[in-house]
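Structure 1 and structure 2, given next as structure tokens, are two forms of the same protein chain, each shown alone.
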Structure 1
């Protein structure tokens, strides 16, 4: 400590603040977190944090593209991966933002709900002494006795569904009323339903599952955990509880655009599957149509038609002409013209045979770089182009994709002149494999449907809370919270003029027997309310009209 630093401690000792202590600090942090400013910052952060998920491929959406990206950009990809940019919506930083936002929301809702509850049960506050000091007010004179005007005002306010404060002694000539409580109710409902949406999404995530399966025409699929091509199940899903419905794809109708030119040529126009289904083993069969936008439902499980493609049917025989099997192998479309790739595996051959190649629904020749290409997605001139491999199909017995061939322990079969053997077949054609390995026949082609089976217990709760949310939102933005004060002054037998309080009306003096009443209507609004003055003017007019008709009657 040097001399120059002596002065500040003295001054700070004079204005020393009370120590906060642990509880104090916690309370301070809670206040900060639940403040509107923080919530706003978090809200903006949430928007910013959601953006990367649209820029970089996401594992939850398209894992293949993530792998591709990582292969093409090894350095940046690795760093992006480290910070969760390929799993943005399950990353810790994204979760931190929305969890803080949820806490902030709860911290905001709870006290506000309590306050609103008390307000709903309390009386509207008394009218202020000087109504003309309120920013919005209107004054007029009514040709009716004060009691009649008050009575009319009560009726008008009641008709407008405003709550009226009970009459008090000494304040007989005024009315205090309040309306638009629905604004705050809507606000609370909106925010509570927002929480409900998030909770329902979480429920769907924990107990929901999604399976994918490719079903060729004529084949039957029975729903079981092990039968799916892929199954993503939430952490708390009991896989034995999956409903064992079954479905057979009888026919898949597909149509493509042939009229329009440009980018629209070849665009899909119809997918529709004719299915025979049963709800459970042994249950009666039903014929049902499954199309895009038209899912099938089995209890709480739904089946969607999301993809389609071709499955060539191929028969392979050995050198003695004995069949080694007929294979219906789904090939996966790689582009909009359905150039499809796939594999046919013949484990019964000795040594084992594998075919890998492309199916072209409309054969358009060979491209130098890409190999055989298809020019139209529909079956105009189908060809099957295959390479032949020999060796061990399943090295080490590891599970592998049915759409590709693991050629680690396989060799490409060559013809007698040493060229690699390639097969190009049209439906109905048969070709002999080189070296007396037997024959391959392309019997025909069937279509397959790519099905997604989904069970999401959070679905209906999400829908209901969203609809309630929208209702709350509309209420909070359209309803105006307004306080209205009415005061009348008895102006007697129309001979006296109370100067500033009234406007001069000649008709008032025409009938000296008539009593006159000064009427002031003033209002206060929560938030900006440009229409408040118009509203008060309309109220004053209605009250005047009501008082007159009552008087006449």
Structure 2
């Protein structure tokens, strides 16, 4: 007698879950890190992590602004500095995100590449037993022998670049084929190129550098780290290894639109510089033209012309008439009419003197709110408006911009009447400073060119990787991965009682004794493929036409 009693149900206390252990947890973490979802999250996190670099000043770009921010915001600045918000791109947390993203991509690419390689070497899978159960399939009848239909099917599938499985015993009347491997290849190329872009950007950041300089006409610049106005160097850059070259700005040609009343009045029409350059110390000089879209190249270093302006030439003397120096001070444009501001510092004076004010290419008078204004960007009627200060130019020895004047330990000079001293000079004019402090002369004006010097070893690899990435993306989105199965059945000779051969659908007639073949074409697609049924219908029509043509021949 059979015991039909049921075993008592197990309680939760009796169910024991398996323990992963150290190896299991490491394998689980590796799978999570190398999943595509994690790679996308890390890519988004990297973009978010780069945002602080555009909000707060960076030490590698403008250390003066960082020092000023810390002085003006001691509490907030201290915490921001602790978390590396003033050195975002070289901070440990940014580097960690970058490194994890590269590891994640490598972990995604390597196993998928191996799997794709094995798929390419393997034969397409056999045809299923019941093709009519596949969602996409089509049936028809061909007035040709099965051998002719099979041969026609192989020719048509070959023309469509489908890889055909070798014939097997017992499956002589069916064909299995597969195509669209370029889709997965494009997927791998896309991810490999994305990794190459990330690595190339990292190479450019680590070994690249970018410097900015302002060169007045007639002056020479030599590529040394100390000569740049600002220098942003990568963490692994040896500043002593910067490629040595020199350039002298002989002439800067700038023309402006002079047609009054038009919307483009005052817009620049010509902007290029005539330079004398040398590639290395002792190398022969060359005359070159530098334009907006025509940079200079010194090996792997490029020089771009991005701005221009005016540099007043000023001579200052003391009360005894001795020259304290002639200064060519670049003033920075503030608007479209090149109203420019700048500073002239005279450390040889006792006490030290500083001038701060505006240069006006075409003097248009004084505005109650804006002060002196310029009405046109070209040198039509230039003036130099200055305020005079005396005291300590560099309080505490802190570095400061050459274009501004730190008046924290300076006082503005006044006249004998107690009014604030203000100077308005025309070219060639000399004015005595109040209190017998000497004189200041406006000797003339020269133009200056704003240059950006850049060395980026990752620039070309990024360009190549981006082009390859785009090609892989196009292949991944446009190529369809499909499996096609063809099966034929020999229907023999179909005759009617009247001796006429007919189709099994009752359509058309055929000669008595003619052989007929049933043709079934079915397919599967990887992913969504709304055009699969149309593809199979077209395939069946091509096979039918090719088989009939071969049979007629």
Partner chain sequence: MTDQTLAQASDIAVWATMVVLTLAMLAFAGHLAVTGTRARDRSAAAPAQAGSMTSAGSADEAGSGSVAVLAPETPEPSAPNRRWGVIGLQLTWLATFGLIAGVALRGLSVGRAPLGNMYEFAIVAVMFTLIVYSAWSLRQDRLWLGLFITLPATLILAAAKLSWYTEASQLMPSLNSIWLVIHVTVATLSVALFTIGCALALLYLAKDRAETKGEVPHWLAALPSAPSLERITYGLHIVAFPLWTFTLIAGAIWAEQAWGRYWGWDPKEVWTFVIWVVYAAYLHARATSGWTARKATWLAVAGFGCIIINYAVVNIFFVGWHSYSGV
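Take the two forms, find the largest set of C-alpha atoms that superpose within 1.5 Å, and that set is the rigid core. Positions refer to the first chain, counted from 1. Source: prediction; values computed, not measured.
Only structure 2 of the pair represents the form predicted alone. A displacement of less than 2 angstroms separates the C-alpha positions of residue 210 between the two structures, with the rigid core held in common. Residue 476 is not among the residues whose C-alpha shifts by 2 Å or more between the two structures once the rigid core is aligned; its shift stays under 2 Å. After superposing the rigid core, the Cα of residue 353 is displaced by 2 Å or more between the two structures. Summarising the core-aligned comparison between the two structures, the C-alpha atom of residue 415 is found to shift 3.7 Å. Shown is the Cα shift of residue 52 between the two structures after rigid core superposition, which amounts to 8.1 Å.
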